[in-house]
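Just the one chain here, laid out as structure tokens, in the form predicted alone.
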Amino acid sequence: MGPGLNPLDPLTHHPHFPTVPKLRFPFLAAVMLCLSCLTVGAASPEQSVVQILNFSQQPLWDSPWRFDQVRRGSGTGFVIKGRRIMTNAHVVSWSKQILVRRYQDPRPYLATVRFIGHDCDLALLEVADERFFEGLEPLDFGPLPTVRSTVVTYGYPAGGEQISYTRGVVSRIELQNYVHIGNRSFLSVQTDAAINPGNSGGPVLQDDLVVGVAFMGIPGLENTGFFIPPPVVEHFLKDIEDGRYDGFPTAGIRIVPLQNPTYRRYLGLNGDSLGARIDSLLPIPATEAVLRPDDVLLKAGDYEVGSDGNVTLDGNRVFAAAAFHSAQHGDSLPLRIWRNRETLELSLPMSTYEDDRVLGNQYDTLPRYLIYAGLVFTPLSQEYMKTLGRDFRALGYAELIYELYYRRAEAPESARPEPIVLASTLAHPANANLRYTSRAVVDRINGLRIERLEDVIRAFDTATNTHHVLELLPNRALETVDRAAADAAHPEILKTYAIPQDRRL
């Protein structure tokens, strides 16, 4: 059981309570009666923990005009100030309908998503029916728990109808990749309290205060779970104060340790404990205007940066990226750097970064696509790669993998803003002779280099030759389609395959 009242306590739930035995000391009896009455009126934390049922439907990224079947999932949430329910973003993503149930109450209530942060895996729900909040006390947030302290996780794991409690010890605090988004890392807390499917979104309590939101485990690790700590939750709540969620800003720098004493002497650095090297920059104009590769980062915000690339946050050594997570979109973060053998005080504008969105998991935005003569074109993304199988990296899709994950770093001058892939071909005599019918990056169409989906449309619409010529990677394979036959077949193919529209842009 977590801290607070035990609902099965024989004293507080005895049928004759609050009858008090006659005592020798009337004053003491009065005090005990008063304390007992306070105990009866106190709210237990579990009363503010709710079960969430989400009926969701996702698109099929290799057939982007279609949708998967509606699926039912369950999770947990808890009431916070402002008559809002906090939970994980992954609990309520792609929702068609959300139902919530109170503690030991069979009635479902309809809920809607008010704010959702897919990067930090947090969301807030609203319930229009005022009866839902009757008698519910919002849970308050506490500080970041310390390592070796005890916490209790509340939730509804495995779709169970009764609330579950698991007690555990905080074992580690560090930056972890957040699985929901896939390409962002934030502060997380590891505990040996069991966190199972269905626990997601539930509160982690210490002394009746919320010190985290349960959100993930790691397959293969026993007695290990992770929760989102207060600094991340507070950032999310502050972000939405203006009525919009912007997300965590990105500094746009890659930090590496600087512990080689010879190199440090070469740079003129004193001592060996402070300063990590900025190895590279993302193509963010505001960052490129302030910083340079090989600058040495000495301090970010309030945190000194160690030569190992870490900072000390509330007594925990964590990667220096955590120092940048305190900033909101639109803020400027003070930096201290070492450049050309002197210390500089700078200010770095912080903003969200969306150019790497295709490298992460995508939510709540339908995939873009174009269909022409049965050829299905869609942006190359992490979501599309997942349609190739769980182990797609080992299945020989080298060109797709390189184009999506590595070209922008190794050959940025040739990288495309939105690589396009021939996802599939809807069989028809007009396209019957193609050798490559799917899983190929589109290099050029009719001589036009394809940088984004709109280029595909332009290449087909402006063609004047008798045949469309497609150049595909790998190996710059050439494919041709008779233009007149393709134009004639296009509406027939859409009708045959019951496709409502040939594009979504």
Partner chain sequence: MRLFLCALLICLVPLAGHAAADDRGHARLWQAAVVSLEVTRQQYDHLQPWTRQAQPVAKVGVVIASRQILTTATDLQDLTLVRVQKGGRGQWWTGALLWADYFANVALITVDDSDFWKGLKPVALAPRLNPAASARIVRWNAGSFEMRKAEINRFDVTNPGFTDTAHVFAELSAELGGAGWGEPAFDGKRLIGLVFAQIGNVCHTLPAPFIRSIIDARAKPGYRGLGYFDFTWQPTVNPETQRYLRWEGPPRGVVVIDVVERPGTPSVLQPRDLLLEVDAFPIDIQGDYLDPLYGHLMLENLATRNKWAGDPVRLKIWRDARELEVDYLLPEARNAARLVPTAPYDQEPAYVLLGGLVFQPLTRDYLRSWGENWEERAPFRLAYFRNEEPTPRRSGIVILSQVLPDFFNLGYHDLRNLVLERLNQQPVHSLADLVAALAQASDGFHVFDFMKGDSLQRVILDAHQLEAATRRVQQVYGIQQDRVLPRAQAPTGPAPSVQK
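Positions refer to the first chain, counted from 1. Since the structure is predicted, the reported quantities are computational estimates derived from the model, not experimental observations.
If you look for the form predicted in complex with its partner chain, you will not find it shown, but the lines that follow are about it.
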Contact residue in the model of the complex, from Asn433, Thr146, Gln104, Asn270 (heavy atom within 4.5 Å of its partner chain)
Asn433
Picking from Lys238, Arg317, Arg72, Arg393, the single residue whose non-hydrogen atoms come within 4.5 angstroms of its partner chain in the model of the complex is Arg393
So in the model of the complex, does any heavy atom of Leu60 sit within 4.5 Å of its partner chain?
no
For Arg458, is any heavy atom within 4.5 Å of its partner chain in the model of the complex, or not?
no
4.5 Å heavy atom contact, Arg277 to its partner chain in the model of the complex:
yes
I'd like to know if Glu410 sits close to its partner chain in the model of the complex, meaning any non-hydrogen atom pair within 4.5 angstroms.
yes
Only one of 401 to 409, 229 to 237, 135 to 143, 365 to 373 has heavy atoms within 4.5 Å of its partner chain in the model of the complex; I'd like to know which.
401 to 409
Stretch 251 to 281: residues contacting its partner chain in the model of the complex, 4.5 Å heavy atom cut-off
Arg254, Val256, Gln259, Asn260, Pro261, Thr262, Tyr263, Arg265, Tyr266, Arg277, Asp279, Ser280
